[in-house]
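Okay, here we've got a single chain as structure tokens, the form predicted alone, with questions on binding and movement later.
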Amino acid sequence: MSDRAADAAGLGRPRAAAFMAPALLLITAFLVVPALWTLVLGATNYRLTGLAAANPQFVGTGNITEALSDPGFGWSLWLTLLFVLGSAIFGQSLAGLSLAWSLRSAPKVVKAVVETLVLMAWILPSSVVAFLWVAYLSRHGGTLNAILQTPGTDWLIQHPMASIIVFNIWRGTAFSMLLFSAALSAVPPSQMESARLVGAGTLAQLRDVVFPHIRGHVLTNTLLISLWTFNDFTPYLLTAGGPNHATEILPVFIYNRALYGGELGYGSAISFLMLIINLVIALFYVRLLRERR
């Protein structure tokens, strides 16, 4: 039996490799090769125009050194961290958990309507959503000004960072809501009933009964939405990084320097730094998940 098992395993490996080959080729073509090309480009002074476009020179880590000493990069990194903390870690996570918790005992019709509306915000094209929010926050006849009775307030100019944070919370809460809804359905009802019988309030139930069961889901959700938000380019459609660089998060900063400024080598180097930051964030959450196990 052992010889037959060994033969079967030997035949299974090539078949498994054959099934995996198309996926690996796609990953290599669309992820690995562009990442390596970005790394190579970031080590040059390549530009869109001028002598550096025709004959780029190798500068090694010069672009990275320049970025680390660039006040614009530091400011953009700080804005990106605020954007991630405000809209993803605190905003989307709390909003998603609150909606999932509230919909547990809601009537089926109410639950279906709320989930549909939240999902629509997630699946609509970014350009359509951005246009709707520009109209919503507009100084001239904007819906928000009509609701709050604050005519003439230009939210994207006067409160740009808060505007894109609220926009991203509204747009990205659907994923957190769906993940937490699935996680809450796995919490044993008997434990929830026992907690209620001993007089535990909502906060006590969440802390002592619910959170221990969904801790892994919380970490997974936080990891994914943090990475997505860190690399999100959608705020550019609202503010283009303005006013006066007030919303120029890293993806927008790279776009402005690489394409508008023509500094493709410098922009590629900052993209490499973003990749390193993403890896650090991912490793941090993976370590927390391992400690949970």
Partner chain sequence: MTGVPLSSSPIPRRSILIGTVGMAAAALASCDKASSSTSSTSANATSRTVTLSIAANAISGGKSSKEADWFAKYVIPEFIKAQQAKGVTATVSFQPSGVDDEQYKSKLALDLKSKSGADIVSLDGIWVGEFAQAGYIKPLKDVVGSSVTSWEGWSQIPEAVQANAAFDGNTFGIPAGTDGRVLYFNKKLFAQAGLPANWQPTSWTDLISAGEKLATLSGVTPLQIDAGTAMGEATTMQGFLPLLVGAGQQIYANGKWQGNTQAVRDVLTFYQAILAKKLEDSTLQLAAKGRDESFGAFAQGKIGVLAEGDYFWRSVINPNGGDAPMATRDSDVGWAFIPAMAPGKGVGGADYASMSGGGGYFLNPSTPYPQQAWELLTFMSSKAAILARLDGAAQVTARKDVNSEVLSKDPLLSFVSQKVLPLTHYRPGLAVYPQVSLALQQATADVVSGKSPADAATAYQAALVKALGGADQVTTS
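Since the model is a prediction, treat every value here as computed from it, not as a measurement. Note that the rigid core is defined as the largest set of C-alphas that superpose within 1.5 Å between two forms. Positions refer to the first chain, counted from 1.
There is another form of the same protein, the form predicted in complex with its partner chain; it is not shown, and what comes next is about it.
Chemist: Let me test this: is every residue among F30, D154 and L264 within 4.5 Å of its partner chain in the model of the complex, going by heavy atom positions?
Modeler: Checked in the model of the complex: all three residues contact its partner chain.
Chemist: Identify which of R196, R104, H140, R207 has a heavy atom within 4.5 Å of its partner chain in the model of the complex; exactly one of them does.
Modeler: Selected option: H140.
Chemist: Is L223 part of the interface with its partner chain in the model of the complex - any heavy atom within 4.5 Å?
Modeler: Heavy-atom contact with its partner chain at 4.5 Å: present for L223.
Chemist: Contact between G72 and its partner chain in the model of the complex at 4.5 Å, heavy atoms?
Modeler: No, G72 is distant from the partner.
Chemist: Just to confirm, A240 within 4.5 Å of its partner chain in the model of the complex by heavy atoms?
Modeler: Yes, contact at 4.5 Å.
Chemist: For L51, is any heavy atom within 4.5 Å of its partner chain in the model of the complex, or not?
Modeler: Contact with its partner chain, yes.
Chemist: At a 4.5 angstroms cut-off on non-hydrogen atoms, which residues of 193-216 are near its partner chain in the model of the complex? List them in order.
Modeler: Result: P212, H213, G216.
Chemist: Fitting the rigid core first, would the Cα of M20 be found 2 Å or more away between the shown form and the other one?
Modeler: M20: C-alpha displaced by 2 Å or more between the shown form and the other one.
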